[in-house]
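Next up: the same protein chain in two forms, each one alone, written as structure tokens (structure 1, then structure 2).
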Structure 1
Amino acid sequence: MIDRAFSLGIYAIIALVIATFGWIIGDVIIKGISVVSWEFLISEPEDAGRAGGIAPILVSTLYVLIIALVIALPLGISAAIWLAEFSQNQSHTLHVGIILDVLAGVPSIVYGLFGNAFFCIYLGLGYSLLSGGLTLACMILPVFIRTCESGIRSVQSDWRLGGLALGMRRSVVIWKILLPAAQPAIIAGLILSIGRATAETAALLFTSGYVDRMPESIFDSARVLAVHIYDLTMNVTGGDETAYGSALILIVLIILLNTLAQGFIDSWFKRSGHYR
């Protein structure tokens, strides 16, 4: 009897979770879809965003994301390789690991404070797409390095030794054996990073700014999608409709980018011709 009640309680909570989730997603889809159209994607915002579209905002979002990834990816993968393969000094690796974990725990708004003080003011970049992208790069690096590192570390050592025994150079072993074998972890890290960077609002409020015009260069201040949603909801009366449209686009964009990232890495590894 008590068992029955307990099971019922669990099922009730699960139903509640599913219902709430359905409520949120349904809300965004239903209210969003009535706003979204091709026009919405390619026109400029009008009347502080109540009408018109989100073209400049989409462009700025992609700019910021590309800047962040272009800096974080090469740096992150090479740092991960170094941590997992080259570092001879155990305590050194441990310390770097701790530093990364500490960095991963810094709240995003604090990255925003740092970005404002360092990139915007100290380096003189001002409120710009570049400052925003660099701030995001700092924010996603720690988690990305950690995910890639654990992927590379978990490759069986037989594979490394086998490669070396075949007379491969160390760099060849890394490029042709370790990285392809660590591919799932790298994809996971990339997807995590893209998700965090695209959805980030707080760190960009005072690094890339609010301006909703089409950016002409990466030194222009511009508004990303997440900031646009925030601004429409909080500062613009009657902006809810377009806010929901933008929210739908943001979620679709994240899913789309993740699929692209997965496909891109898959094909890149296929071209480099390895065997699984």
Structure 2
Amino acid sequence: MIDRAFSLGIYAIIALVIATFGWIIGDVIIKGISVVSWEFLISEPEDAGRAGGIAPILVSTLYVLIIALVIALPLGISAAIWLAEFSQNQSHTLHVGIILDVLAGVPSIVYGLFGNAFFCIYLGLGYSLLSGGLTLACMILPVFIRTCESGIRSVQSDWRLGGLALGMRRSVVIWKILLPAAQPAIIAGLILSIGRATAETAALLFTSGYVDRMPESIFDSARVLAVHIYDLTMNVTGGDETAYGSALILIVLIILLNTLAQGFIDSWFKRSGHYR
């Protein structure tokens, strides 16, 4: 009876989570599907966003995301490898891990204030896509590093010893054996990073800006989708309908980017001839 009750409780919780998720997604689809069209995707906003489309907003979102990932991915994987494989001081590694955990829990608006003070003012980048991308890179790095580090640490020691026994250099063991074995963790970290970066609002309010025109370079101020949705909902009277359409596009964009990221990682490992 206890086992059955426990199982029933687990299924009930799962059903509640799925129902809540379905309710949110369904509400966005029902209220936003009438707005979404090809014209909505390729035209510029008009009348403070009440009319027109979101073409510049989409381009700005992709710009910021690409900048963040180009900086965060190599730094994150390198830091994870160092923490998991090369750091000899366990106390030092523990302290670094605690710092990363604290940074992962820092509110995004704090990162926004830091990005504004450091990138926009101190480095003189101003409100720009580059400032927003660099700020997002700082924000997603802690989660990405810890996820990749956990994946690398979870690989059995026999794999490392087997590679070294075959005469492989340590760098080859890491590149050809450990990273492919930690591929699920790397993909999970990448998906979490993409989701947080794409849906970020507070940090980008202080760094990338509010401008809704088409950016000409990464040094231009621009508005991303999450900021656009926030502005339409909070500051524009009559902008709720367009906000729902933008929210639906944001959800689809996150799903598409996550799928592409997973496919890219899989194909990259296969092309590189990594063992799996």
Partner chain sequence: MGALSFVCAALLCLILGFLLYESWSLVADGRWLSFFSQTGWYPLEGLFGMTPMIFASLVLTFGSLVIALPVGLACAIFLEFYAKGWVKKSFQSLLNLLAGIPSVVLGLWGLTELVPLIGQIKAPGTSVLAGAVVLSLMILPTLALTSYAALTSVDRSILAGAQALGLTQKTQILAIAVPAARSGIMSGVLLASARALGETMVVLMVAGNVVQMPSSLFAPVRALTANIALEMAYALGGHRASLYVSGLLLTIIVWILAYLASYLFNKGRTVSHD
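Here the structure is a predicted model, which means the values were calculated and not measured. Numbering for residues begins at 1 and runs along the sequence of structure 1. So that the term is clear: the rigid core is the largest set of C-alpha atoms that superpose within 1.5 Å between two forms.
Shown second, as structure 2, is the form predicted on its own. If you fit the rigid core between structure 1 and structure 2, you'll see the Cα of L260 move by less than 2 angstroms. For I18, the displacement of the CA atom between structure 1 and structure 2, after superposition on the rigid core, amounts to 5.5 Å.
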